[in-house]
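Single chain ahead, by itself, as structure tokens, in the form predicted alone.
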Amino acid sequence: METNLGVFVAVHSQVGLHYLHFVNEEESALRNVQDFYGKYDIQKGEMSPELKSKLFSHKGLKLLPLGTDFQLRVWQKLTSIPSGEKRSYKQLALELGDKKAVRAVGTAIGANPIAYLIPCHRVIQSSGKLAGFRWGLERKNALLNLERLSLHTASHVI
């Protein structure tokens, strides 16, 4: 699916969304999906208008990422970060109850299978620097700026 943020590839079933990644190269994106979901029958097709609407409205779409219990806890915590806000890896580790789990939190964030909707782009270094985004720091910065702009614009509408 083409968007203002680039091309996405998604894996969706009757029960929910399992995978959403930015695509830099179509062939490698399809290989990545097959590697991740190899035992399933993956069919290439167009995204329905209903699914597109749900992706960008964030309403009525059940997120069902596959991961370990720890990864699922980290990803759930990411969804609680409000749009336009950021957290450090250290803050997330503390919020998860283990201040020593900073590296494990980073690894779990790096394995996030649902880009944008599980907002790993909202996680930064404790120093405030952007770091560690699978789809590039330029895209991470664009996502953060888009959220800030959306919040700023919404707060000034009469």
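Predicted model, so just to flag it, every value in this text is computed and none were measured. Just count from 1 along the sequence shown to find any residue number.
This next part talks about the form predicted together with the DNA, which is not shown.
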Is there any non-hydrogen atom of F56 lying within 4.5 Å of the DNA in the predicted bound form?
no
Within a 4.5 Å heavy atom cut-off, is H18 in contact with the DNA in the predicted bound form?
no
Within a 4.5 Å heavy atom cut-off, is R134 in contact with the DNA in the predicted bound form?
yes
S126 near the DNA in the predicted bound form, any heavy atom under 4.5 Å?
yes
Give, in sequence order, every residue of 65-91 that has a heavy atom within 4.5 Å of the DNA in the predicted bound form, or say none if there are no such residues.
T68, F70, Q71, S88, Y89, K90
